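Before any questions on binding or motion, here is one chain by itself as structure tokens, the form predicted alone.
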């Protein structure tokens, strides 16, 4: 039986424990991690709020990010090698990083997971434009590196709702009842021998019908074929029949929380999208830098099993509070300290 687990430990020890003691090698379908970014800073929590980026002496240190350069890459690589062992053949990992260290992480992850399993470098817009005086452009984004363990990972196509501007641009026509629509060709590249005729027509040279002629005739009877003045048929596609538009690799809507409860806390909706896209309802989701527990909460609310690891007392306390805010009681998971 699958369990939800929160482990207080160094994540090397926690990941080793999951594989050797709990026998979870090949059992994890999704990993999201937001490790330190080699910033050379201490991240603090004061009485009123958490510092997003701070090396202030005020407050108490939630975690330290002082491992730099090649030592930092080795630090992350050790953990990724253990994570790969835990991932199922249909599993994926999303690693959240930034523009300063991310390119080095990409090269290292190519080696660990295989360049053929690289899926995306996702740009996440993290804040509003800045007016800092510096030689260089304002930095408003970070990156998420998305890899799978194998060639066929879990994938539930994420869709975004059309904006009014999208509808006007993508579905520029309206029918008599005011429904927005567009039209698409009923033929596609690639020639076939002796194609059947549709309404006395054959496909243009070098092309073939997108579907069988019987279906084309059914569409025409249902009024789903629009004929141009020159007699060119095109398929009608209504906006109301489309669930949304395909998500691209620049994510604008997931900015950092204005008042984080834990340093570098990430947007809940960001993690929610990742969980829904790359795991199933019976999947186990792992975050071994779990911080305030956002990944665990997103997994729980979406009906997934979850495992979190962090060695910080502040992180564990924040995670327990966040889980409680989602109605998750201590009896709903196992707490382990190594």
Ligand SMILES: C[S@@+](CC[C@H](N)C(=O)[O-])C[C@H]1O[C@@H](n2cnc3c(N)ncnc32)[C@H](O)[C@@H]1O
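No experiment lies behind these values; they were computed from the predicted model shown. Numbering follows the first chain given and starts at 1.
As for the form predicted in complex with the named molecule, it is not shown, yet the points below apply to it.
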Which of these stretches, 180 to 188, 102 to 110, 71 to 79, 143 to 151, has heavy atoms within 4.5 Å of the named molecule in the model of the complex? 71 to 79
On the criterion of a non-hydrogen atom at 4.5 angstroms or closer, are 11, 290 and 315 all touching the named molecule in the model of the complex? yes
In the model of the complex, residue 283 touching the named molecule (heavy atom, 4.5 Å): no
With a 4.5 Å heavy atom cut-off, would you call residue 262 a contact of the named molecule in the model of the complex? yes
Would residue 278 count as a contact of the named molecule in the model of the complex, using a 4.5 angstroms cut-off between non-hydrogen atoms? no
Does at least one non-hydrogen atom of residue 34 fall within 4.5 angstroms of the named molecule in the model of the complex? yes
